[in-house]
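Heads up, the chain below is alone and in the form predicted on its own; it's given as structure tokens.
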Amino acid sequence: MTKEVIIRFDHVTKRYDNDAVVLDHVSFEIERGKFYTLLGPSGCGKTTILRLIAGFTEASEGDIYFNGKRMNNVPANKRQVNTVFQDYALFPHLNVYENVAFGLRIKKVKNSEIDRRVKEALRFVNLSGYEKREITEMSGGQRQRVAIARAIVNEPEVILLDEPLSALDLKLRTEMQYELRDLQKRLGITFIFVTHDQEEALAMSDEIFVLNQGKIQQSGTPTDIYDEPINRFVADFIGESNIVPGKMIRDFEVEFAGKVFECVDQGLNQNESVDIVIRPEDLEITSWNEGKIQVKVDSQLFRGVHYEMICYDEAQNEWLVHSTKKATVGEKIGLNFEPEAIHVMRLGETEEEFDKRLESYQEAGYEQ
């Protein structure tokens, strides 16, 4: 199936008057009908990308295309996008109906058409019957739905969401994640969602762009990014990781923690220095003698569904372990793991180089 690109950034740079570079030659493509997440720490450039797409700010260098047409100088009101802001930006003096209808009234749409589209939008977000309700009488989750209804009533091709769940409590936030994902699928509209919450990004997205210091560090599906982080930043930012120094002995053999282990990585230089990533849930507790690595338990917490332990090996590498088995602080235990659980990261590797190496895994018959 041929992909349909709706938005394309071509070496886009954004700098401000003090010459501070917020985005640094960023290039990517957004396909129609998918849920994308821009993920990264504060100041990484994710909201700037949203503002560039919306037309709220202009690129310093590079080109932005919408459906194949350059739109650098197209004003915000001429773009087929709508934004849902963090604070929802609703009008407190207008009721739900008038908040949703506001943009249509500005465009001088006929009253009959306004009525049809407002009611349809409210039905999509499960707010039918709330037309006369005052905004001040709505809960946080309901206000968010009103903001989304106001966005979709204009029938945009892209909806931009700038951390819209951050003001909600944990339970409501989780509920709204499901609702947003379901809404996107029903509408078939491209969603571009900004967050710094890794779990939120992994749960909701078709594809994730991980940003840091104005550059896209890695892009891909949630599974790709979680299982195959390209560098130490991504591995550390997406979920919890054990990252230890190692050395690639040869294809399918790597050394770390003073031992040589079988792995599924290839295409690196012999004796090349690398970083090793093993996720804490991929470590299995066993007896001291039976473990591939021997460690001492330094601390332990009960997290409800598993125990979380911090352990140290003889080389003083720290190991985070998630297990349903309980250990004792001070106890010496063994840790086992499968070759597929070892992820080898080449120091300073680019995403293009990483993708080529990943292709070699697949040609060799490995699923990574």
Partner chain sequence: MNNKARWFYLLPYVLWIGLFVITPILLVVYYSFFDLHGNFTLANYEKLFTFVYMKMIASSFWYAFLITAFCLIIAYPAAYFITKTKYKQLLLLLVILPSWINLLLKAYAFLGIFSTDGAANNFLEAVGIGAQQILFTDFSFVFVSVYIFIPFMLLPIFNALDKLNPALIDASRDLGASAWTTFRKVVFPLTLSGVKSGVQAVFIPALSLFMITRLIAGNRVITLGTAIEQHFLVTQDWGMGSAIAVFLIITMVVIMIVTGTRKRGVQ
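Positions refer to the first chain, counted from 1. Please read these numbers as outputs of a predicted model, since none were measured by experiment.
Below: the form predicted in complex with the partner chain, not depicted.
Of the residues Phe261, Phe233, Phe102, Phe124, just one reaches the partner chain in the predicted complex with a heavy atom at 4.5 Å or closer; this is Phe102.
None of Asp87, Asp197, Glu272, Asp251 but one reaches within 4.5 angstroms of the partner chain in the predicted complex through a heavy atom, and that residue is Asp87.
Only one segment in the set 275-283, 242-250, 171-179, 130-138 has any non-hydrogen atom within 4.5 angstroms of the partner chain in the predicted complex, and it is 130-138.
Site residues Phe302, Trp319 and Asn336 are none of them in contact with the partner chain in the predicted complex, judged by any heavy atom within 4.5 Å. The closest non-hydrogen atom of Val81 lies within 4.5 Å of the partner chain in the predicted complex. Taking non-hydrogen atoms only, Lys107 approaches the partner chain to within 4.5 angstroms in the predicted complex. Put simply, Asn154 is close to the partner chain in the predicted complex: some heavy atom of it is within 4.5 Å. Among heavy atoms of Ala203, none comes within 4.5 Å of the partner chain in the predicted complex.
Residues are counted as partner-facing when one of their heavy atoms sits within 4.5 Å of the partner chain in the predicted complex; in 140-162 these are Arg143, Arg150, Asn154, in sequence order.
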